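As a starting point, one isolated chain is supplied in structure tokens, in the form predicted alone.
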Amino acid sequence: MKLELRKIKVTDLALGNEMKFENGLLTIDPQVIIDGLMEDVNVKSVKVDIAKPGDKTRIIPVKDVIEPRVKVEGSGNGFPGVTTKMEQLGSGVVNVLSGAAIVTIGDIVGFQEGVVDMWGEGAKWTPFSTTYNIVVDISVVDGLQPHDHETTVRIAGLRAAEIVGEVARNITSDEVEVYEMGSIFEETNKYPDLPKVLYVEMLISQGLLHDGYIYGVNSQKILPTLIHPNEELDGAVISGNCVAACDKITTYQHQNNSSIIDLYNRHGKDINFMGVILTPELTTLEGKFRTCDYTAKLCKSLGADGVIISEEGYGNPDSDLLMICKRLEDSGIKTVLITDECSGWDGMSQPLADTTKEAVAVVSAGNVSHVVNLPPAEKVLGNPEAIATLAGGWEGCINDDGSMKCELNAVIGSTSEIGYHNLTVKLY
């Protein structure tokens, strides 16, 4: 498969009465987005605003972040299996509005969404303080059941990304990234002496607000599945996860999965990167044994010498992470784990809910319990009172002047376990 991502660099953002891109400036006509999303009978109202890096703007509660793109050559425009008909992703040419992002907010189903500050202390903890954000505030019709509510908001964000992405269709790119890889057999023949490395990406798969989707299929319903890396970079994996905001993998982060990109950069040099195994994180013991055993079987069957494993979430999924690690290490396959830690405000608590002696190579994405103090914003998009019910917030954590104290738990993308963030941990 060969995937060409043509990056069109967005360096400024404005509202206007037309959709256009010129000299780095992306101009958004809110009514175009509103009209497109209001076609869904479950959407009651839509508001559109913008937030730029450095603005003293707070966005809360964030549902998802999506990169606007358009496929200009090849199959699979949009999000096949979700917003468009099912087609194979992973090849062709995609024009990308690089630096722009759709950020969805609005009525929430549960309690676990997140916050993005575009300036100051909060900005340094989230990667989405550096993107030019088109903020889409979605309200659903009264009486909608929770699952339908979640689906409506999730799909509205994807459709907004498609609408904005169309602006890029006929724009000349600033740079081009090419991702090309043949079959496992072809790549092994090309690089017979390089260690064979797989990437196991664990996806939250635990019910309402706790799911990932692959070509529109809820990850709860899959066995561990091998995909070509290009498929995820091309939009095959999307987020339906609103567990702790810090380590939810947004759709934007799937589209730009930094673990995949880093492995691609090493491919053919010091490793043979063989592909991605998507593994569901289930809640039952039976489910954990099934998926962990099956993941290990796939890795062994493909002849992996080493496996990178990234987690999504913490607590319950820690067991899956370490069960897979133990099975692989016992089979002679070296593992490296990417996880964050829930170590308490002082950093002294047990970082993971489970452990195994075979976990000897672990990359930390930071402590989700670290407390940050966020100053008052000049502009708030959404509802600032939501911080009291977010994971990482609490009743009384917002002050009368609008400043707030919260854990990194509440900050979108702050401890991303695929590495798409700004944080790590030092050992002293």
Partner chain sequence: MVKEIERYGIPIVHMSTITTISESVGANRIVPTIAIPYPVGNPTLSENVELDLREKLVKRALTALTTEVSGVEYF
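Numbering follows the first chain given and starts at 1. Source: prediction; values computed, not measured.
From this point on, the text means the form predicted in complex with the partner chain, which you will not see here.
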Q: Using a 4.5 Å heavy atom cut-off, indicate which stretch of 312-320, 129-137, 180-188, 71-79 touches the partner chain in the model of the complex.
A: 312-320
Q | T283, heavy atom within 4.5 angstroms of the partner chain in the model of the complex | A | yes
Q | Partner proximity in the model of the complex: A353 to the partner chain, non-hydrogen atom cutoff 4.5 Å | A | yes
(Q) in the model of the complex, is there a heavy atom of the partner chain that lies within 4.5 Å of any heavy atom of N230, even though the partner is absent here? (A) no
Q. At the 4.5 Å heavy atom threshold, is Y294 in contact with the partner chain in the model of the complex?
A. no
Q | Option touching the partner chain, based on a heavy atom within 4.5 Å in the model of the complex, out of Q206, T152, S98, S91 | A | Q206
